[in-house]
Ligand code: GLU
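Just one chain follows, in the form predicted alone, and it is written as C-alpha cells.
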C-alpha cells in the first residue's frame, strides 16, 4: 500500500511551499488508494512557535487534507511527534556506532555552534578515537554529538522527477545525527521515522536532493528498503526568488485573510509544478484525487502568480451557491454602506460574477452613499452616439419625467418603462437615454446593475439631486 507522510516543523505559519508538499503527498496517496500520514517534526526546539501545531491541524482541516494516521489538535499525539521519540533515535544511533556507520564527536562548544559541516581538509578527528578515549570522554561528561560516518565510494538513487542521480561520497559531510541535547537532527529522525512508519513514497522539495545520498547510506547501514523519491520543483516569487517562510512568503493564513477561498488556493497550488493531461485548470479536491499523477510533475521552478490566483478565486466565487455568497458578503455590505433599507440580496447577486474577492462586493456599490465628482467625458459614448449635448438634453427630459412619479411607483421596473416611452417620444435609442442617466446617478461607466436599479436603490430625492448635478456639469 502507498503510504506518504506530511512532516511539518511547527515553527510558524503554513507557507505555500509547505502546503503544496502536503497536497501532493495527499494526492499521491489518495490517487493510489493509499494512506496519508501526519508527523510533527519538532526536534528543533529553539525555533518552535506556540500554537504552530494548531495552525497545522487547522490548515489541513480547512483545506480538506484529512490525514489517516497521526496526531490531532486534541492532544492525542501518539507516536507521531518526534520529541516524544527521543529514546528510539538514540537506540538506532548507538546501533550505527556499533557497526562503525557513526561515531561520537567531542569537538568543543565553538565547533558545535559553528554547525555540523567539516571540510575535506578539516575532517573531524573524533572518528579516529580509540574505545578507551571515547569511554573516558563519556565518563567525564564531555559534550558530544553523534555523526554519520560517510564511507568511500559513490551513491546513486532514482528520483521520479529528476531521474538517476549519482554523487561521490567524498562530497558528503559527516552530518550530525544526534545533537548535544540528545535530540535527533531532521536528517536522522526522518529516516528512522519513515522506515518505522512504513512510508513508501517520500515527497519533499528539491532542496533535499543533495541530502538524499546521506539518507540512503543510512538506509543501507540498517539494511532497510529505500523508499521511492519524489522531489518537487521550487516555487519562485514574481522576482524569481525562492518562496521562503523566513523571507515572509505568503502563508495560507495570509491568503485567507485577504479573501482567498481555501478551494481556490488548493486548486491553484496543485498547478504549481504539476500539469494535468489536458488543459483543465479548475479542479475540485475530489477531481484532483482521481486525476493527479506523478508523470505530470515538472523539474522547472513554478512561479507564484498572485494575479492568476485572483482570477481563479473569482472563478470559484462565480460558481458559489448564491445564498452562500450572499451570507458571506452581507456583513461587508452592512459594515461599509451607511444607507439602510437596501436589497442586499439583489446587490450580492449583481456583484457575484464581477469580483475576485467576496469582501470587494460592496465596493461595486460605493456610489450608493455618496456621488463622488467625476470626469465630464464619462458622458461620451461613441458606440451609442452619445455626446455632451445629447446627454444634457436627455437629462433634462428625464428629470421632467421622473420628478412627477409618486414614491409608491419609484421602483426599477416602472422607471424602466417610463424611460422606454421617453425614448420613443424623443425618437432616441434606449442607450441614449440610459447611458447619461447611469453616469449621472453613479459617476461610473461600469456598474453592477442598470440605471433604473440604481435609481430605486438610492431613492427619488437623491436620484433627482444627482441628475441636477449632472445637468449643471454639462452646461
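Nothing here was measured: the structure is a model prediction, and the numbers come from that model. Numbering follows the first chain given and starts at 1.
One more form of this protein exists, namely the form predicted together with the ligand; it is left out here, but the text below deals with it.
Contact annotation: of the candidates 222, 283, 208, 333, the single residue with a non-hydrogen atom within 4.5 angstroms of the ligand in the predicted bound form is 208. Exactly one listed residue, out of 102, 394, 178, 203, brings a non-hydrogen atom to within 4.5 Å of the ligand in the predicted bound form: 203. Using a 4.5 Å cutoff between non-hydrogen atoms, residue 186 counts as a contact of the ligand in the predicted bound form. Residues of 1-30 that come within 4.5 Å of the ligand in the predicted bound form, judged by any heavy atom, are 5, 7, 8, 9 in sequence order.
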